[in-house]
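In the form predicted on its own, a lone chain appears below as structure tokens.
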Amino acid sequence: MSREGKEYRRIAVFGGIYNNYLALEATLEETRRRGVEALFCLGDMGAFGPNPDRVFPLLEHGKVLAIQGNYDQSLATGLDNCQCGYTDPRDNHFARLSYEYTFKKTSPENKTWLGQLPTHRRVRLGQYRLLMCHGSPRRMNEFLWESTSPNCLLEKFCRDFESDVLLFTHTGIKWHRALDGDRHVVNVGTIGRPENDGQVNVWYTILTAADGLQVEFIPVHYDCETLTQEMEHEDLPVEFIETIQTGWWTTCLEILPSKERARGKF
């Protein structure tokens, strides 16, 4: 795992761009207004949406510090699947469609760039040691759900990986839990698609070191209509388009624990 000496006081962190360059544009503009010192992306630049190569110039222009997600690793190494971690045949069917499209549409240069990204990143935020990963510190595609992740496991991660704050994404649904000893775990959310709550906005996270750790989940509104038009033009599944239009997941449902699935429509 890479170690970095720079210390921050206020940062923005997001995950899961999923080819949604319009949401990324809006997120970059949002963070500029909020005066953060640095921006971090916790992986999965591709998947789900249209025109993946439009994401990369925005990341460069916005000076976003990124790590690899499972999607990025698969694209970079030429794997035949996204390593998303699904077990249901229907979920894997849509994952295959998404991955085949993204693999075909991502340039060799951008695949090479993805392959050069670290899998973890360490920074300091005030007195806090932050560890950033995609799924979990032990496995890139591990799902850490709010309802099924026990404190003892999360505390073990913090202890074993020498961190005060663990930041991750992968599930697509944000959450924050404070642990004993002023330690924290934060799923920072994703900006590529809504989080299955019937709202079309997406989410990122601001963390500030000031009188303890402050965690703010920030909604981002973007041009959903243009995105859906581009998805239609690219012949992406209507199930994906419906999620962008309605805020309800129509795929990746079987992986959801019962409490998280009960909050959705399907």
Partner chain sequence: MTTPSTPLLELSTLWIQVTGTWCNLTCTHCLNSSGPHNPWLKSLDTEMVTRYIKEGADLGIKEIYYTGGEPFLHKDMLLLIAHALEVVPTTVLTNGILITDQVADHLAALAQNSPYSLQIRISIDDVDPDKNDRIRGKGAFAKAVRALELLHNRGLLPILTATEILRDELPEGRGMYEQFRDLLLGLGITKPRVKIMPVLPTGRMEREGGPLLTPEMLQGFDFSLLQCSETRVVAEGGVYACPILAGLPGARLSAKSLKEALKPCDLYHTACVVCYETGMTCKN
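Source: prediction; values computed, not measured. Positions refer to the first chain, counted from 1.
The protein also exists as the form predicted in complex with its partner chain; that form is not presented, and the subsequent description refers to it.
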Query raised in the report: Of the residues Ala178, Leu97, Leu79, Leu153, which one places a heavy atom within 4.5 Å of its partner chain in the model of the complex?
Result: Leu153
Query - in the model of the complex, the residue from Thr87, Gln127, Ser107, Gln116 that sits within 4.5 Å of its partner chain by heavy atoms - result: Thr87
Report task. State yes or no: in the model of the complex, is some non-hydrogen atom of Ser149 no more than 4.5 angstroms from a non-hydrogen atom of its partner chain? Result -> yes
Report task. Tell me, yes or no, whether Lys6 is in contact with its partner chain in the model of the complex, where a contact means a heavy atom of each within 4.5 Å. Result -> no
Query raised in the report: Leu256 near its partner chain in the model of the complex, any heavy atom under 4.5 Å?
Result: yes
Query raised in the report: Does at least one non-hydrogen atom of Leu131 fall within 4.5 angstroms of its partner chain in the model of the complex?
Result: no
Query raised in the report: Thinking of Phe143, Glu260 and Gly264 as one candidate spot, does its partner chain come within 4.5 Å of a heavy atom in every one of them in the model of the complex?
Result: yes
Query - Stretch in contact, per heavy atom within 4.5 angstroms of its partner chain in the model of the complex, of 183 to 191, 70 to 78, 108 to 116, 87 to 95 - result: 87 to 95
**Report entry** Any residue of 111 to 138 that, in the model of the complex, places a heavy atom within 4.5 Å of its partner chain
**Finding:** Arg138
